[in-house]
Ligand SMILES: Cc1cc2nc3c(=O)[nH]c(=O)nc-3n(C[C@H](O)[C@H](O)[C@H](O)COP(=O)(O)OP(=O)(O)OC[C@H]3O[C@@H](n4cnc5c(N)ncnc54)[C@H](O)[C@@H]3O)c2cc1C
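Before any questions on binding or motion, here is one chain by itself as structure tokens, the form predicted alone.
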Amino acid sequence: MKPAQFETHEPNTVEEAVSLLESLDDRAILAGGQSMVPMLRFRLAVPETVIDINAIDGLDYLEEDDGWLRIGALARHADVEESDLIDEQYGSFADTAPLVADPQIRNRGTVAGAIAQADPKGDWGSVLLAHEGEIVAQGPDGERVIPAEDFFLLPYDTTLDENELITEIRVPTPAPREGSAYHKLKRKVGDYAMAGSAARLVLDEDGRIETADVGLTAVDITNVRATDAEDHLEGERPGSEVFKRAGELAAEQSNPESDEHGDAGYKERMVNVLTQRALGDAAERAGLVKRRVSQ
């Protein structure tokens, strides 16, 4: 099947792209195109106009600035995967990037595009939630910053306004004694997650957990935080028993569906295991726990 006929626009600035969004009725944004192009091909999406933002200079950055890790709208998965900064400072990002699909998709697909797609089986949404990240969008009325926990509504549906363009994804730079990790179960290389867990821990000077964030993949209608597990962790010392209970709480709070890859009960058990493993790695990376939790 071939795509239906459509017009294309290639704006050179963010302002021009926003103006096109405002003036055109039936349109779609193209960044990496790894979700959009298949949807066009199979006519799951039939926009009259495609706005290709790849000609906009200065949106492919990946940098730390003013207390934030800033990822521009045109930064590719591969940029994250190959970044020394990410490898040294952002464990969950370093874990996630190589697990996204396959090299061809990682070379073209963008982190911001994956967030905008809002697929509950996508990895980056959980990582963004675990890092208390933000989405920066530009619209006709200027810039708007959307906390990640307020962004995801339903599968493929977000609080982004129809005339807004995501320009940046950002998370706070790591605090002292902070560590993060991401673990994912998938059927084979290139598949979406059957279940996944992103964890971030900040430890106080006494070695107790000061801040805990856990984001879950593919086990609810959106990427979600495991708030019961987070509440259990805060104030505790990192360790296998604490992480075991957190895994159980994350599993209890998850809401997976049975499908051809596994029933809901199996996926809940995987949430338990993956959360324990992510917490163990996060604690180790925070510098005060030397042995990884194993299952």
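Position 1 is the first residue in the sequence shown; the rest follow in order. Source: prediction; values computed, not measured.
Below, we refer to the form predicted together with this ligand, which is not included among the displayed structures.
Distance criterion of 4.5 Å from any heavy atom to this ligand in the predicted bound form singles out L165 from the list A148, L165, A181, V80. Put simply, of L128, V214, A73, V219 only one has a heavy atom within 4.5 Å of this ligand in the predicted bound form, and it is A73.
Contact annotation: G91 falls outside 4.5 Å of this ligand in the predicted bound form, judged by heavy atom distances. This ligand in the predicted bound form is approached by G122, whose closest heavy atom lies within 4.5 angstroms of it.
Mapping the unseen interface onto this chain, I53 counts among the residues with a heavy atom inside 4.5 Å of this ligand in the predicted bound form. Interface residue remark: G113 is counted as part of the site for this ligand in the predicted bound form, having a heavy atom within 4.5 Å.
Note on the interface: of 36 to 44, 251 to 259, 266 to 274, 227 to 235, the segment with non-hydrogen atoms within 4.5 angstroms of this ligand in the predicted bound form is 36 to 44. Annotation for 188 to 214: interface residues with this ligand in the predicted bound form are G190, D191, Y192 [heavy atom within 4.5 Å].
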